[in-house]
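Presented below, as structure tokens, is a lone chain in the form predicted alone.
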Amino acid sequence: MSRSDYNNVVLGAGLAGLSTAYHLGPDTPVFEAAQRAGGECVTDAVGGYAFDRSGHLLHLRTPEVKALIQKLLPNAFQPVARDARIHIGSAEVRYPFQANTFGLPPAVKAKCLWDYLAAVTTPGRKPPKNFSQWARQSFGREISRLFFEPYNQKLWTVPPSDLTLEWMGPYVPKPDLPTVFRGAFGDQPGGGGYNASFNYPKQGGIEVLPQALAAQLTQLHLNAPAVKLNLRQRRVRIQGQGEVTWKHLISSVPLPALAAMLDQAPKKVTEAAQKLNSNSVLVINLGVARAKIHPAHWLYFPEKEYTFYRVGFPSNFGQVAPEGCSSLYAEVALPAGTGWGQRKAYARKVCADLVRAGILQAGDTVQVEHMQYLPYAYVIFDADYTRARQEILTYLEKHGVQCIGRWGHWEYSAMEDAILAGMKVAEAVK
């Protein structure tokens, strides 16, 4: 068995791991289990279409990441003003729903406004303990009933009353009262939220970004999963590579998977790992021989009768489909580790639901059907989340392991956050 000694070692070649190695130096060793770099930020080329693994859109807020993107990929990205909508009955209203009830039936809209006013003008309410309580206190019962509660039930696969408030941050817009009323009596193009605009490659899919980072590295090892981690000796066994020792280990491996690699982990760490929860997402991608099958970038579906929680149209982002054709993806959220075995049945149901929703037409020709699976998709912020996660992270940090990224740090975060995490940890270990 071979043996190598390094100052810094990176596990995982998603955006967080690639960013870390890039900022530490090009000779930093990176070990990735998959056949290519990028993690879930990759693009599959199938039959002339480019399919990302669901919607991977770059929201740039910081000058550091903007400068990095421009350096690596000058003029490769284009800014896009978001057009996102919510499917409610026979209506499509703009996102965010709470600020755009225009277009709903008059009686439904009136109920939304009445309950919203009652919620925001009721004094002395106790602080909400869960997401369901927060939504009702923030927007009223009717808006919560129509959108927040059913949509988040479909997305997270657990009742909204089981979700804490730790994940929300900028991800749930909370418009003021004048905005809510303007959006009830007139159309408001644009809208709020962290993703009111996004950046996307002019050509091809989002994988151009991780590939640009990977191209700068000289020690990127693919098909090289970590299988055993000895923290006392600071040694990790890499399949096909032998044993590697390190002074600093930076991991973007999903936290439960990393905990399972630990050699003789304390019982409290093992028990904490068993309490970490997430969902999985099955992505059904379709290439359709019809241009502009829908004008929006994506649609949310809170209604129970539809299998998917969201449908996106990447051919409206950039050039990812043949001339005169369209691409779409439908996302189905499932309890962790389930769904892939039933993917064909889900695909049939998704296609039928797309016709029923008016997105696909009876005469459409589906040229390509391509399915993808995200075993770790959304970290579930339940009552066990904070304590269990911190137990594991604290133990790892004491032994020189820094966990970063959406799944490595076990958090809800965006692509830019992953790149920033790599920048910050590189600066810290230097």
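Computed from a prediction, not measured in an experiment: that's the story for all the values here. Position 1 is the first residue in the sequence shown; the rest follow in order.
Form predicted in complex with a small molecule: not shown, discussed below.
- In the predicted bound form, at least one heavy atom of residue 377 sits within 4.5 Å of the small molecule.
- At the 4.5 Å threshold, heavy atoms of residue 51 stay clear of the small molecule in the predicted bound form, well away from it.
- Shown alone here, residue 31 lies within 4.5 Å of the small molecule in the predicted bound form, counting heavy atoms only.
- At the 4.5 Å threshold, heavy atoms of residue 254 reach the small molecule in the predicted bound form.
- Only one of 224, 80, 172, 262 comes within 4.5 Å of the small molecule in the predicted bound form through a heavy atom, and that residue is 224.
- Screening 309, 156, 116, 97 for any heavy atom within 4.5 Å of the small molecule in the predicted bound form leaves a single hit, 309.
- Heavy atoms within 4.5 Å of the small molecule in the predicted bound form are found in one stretch of 386 to 394, 38 to 46, 361 to 369, 64 to 72, which is 38 to 46.
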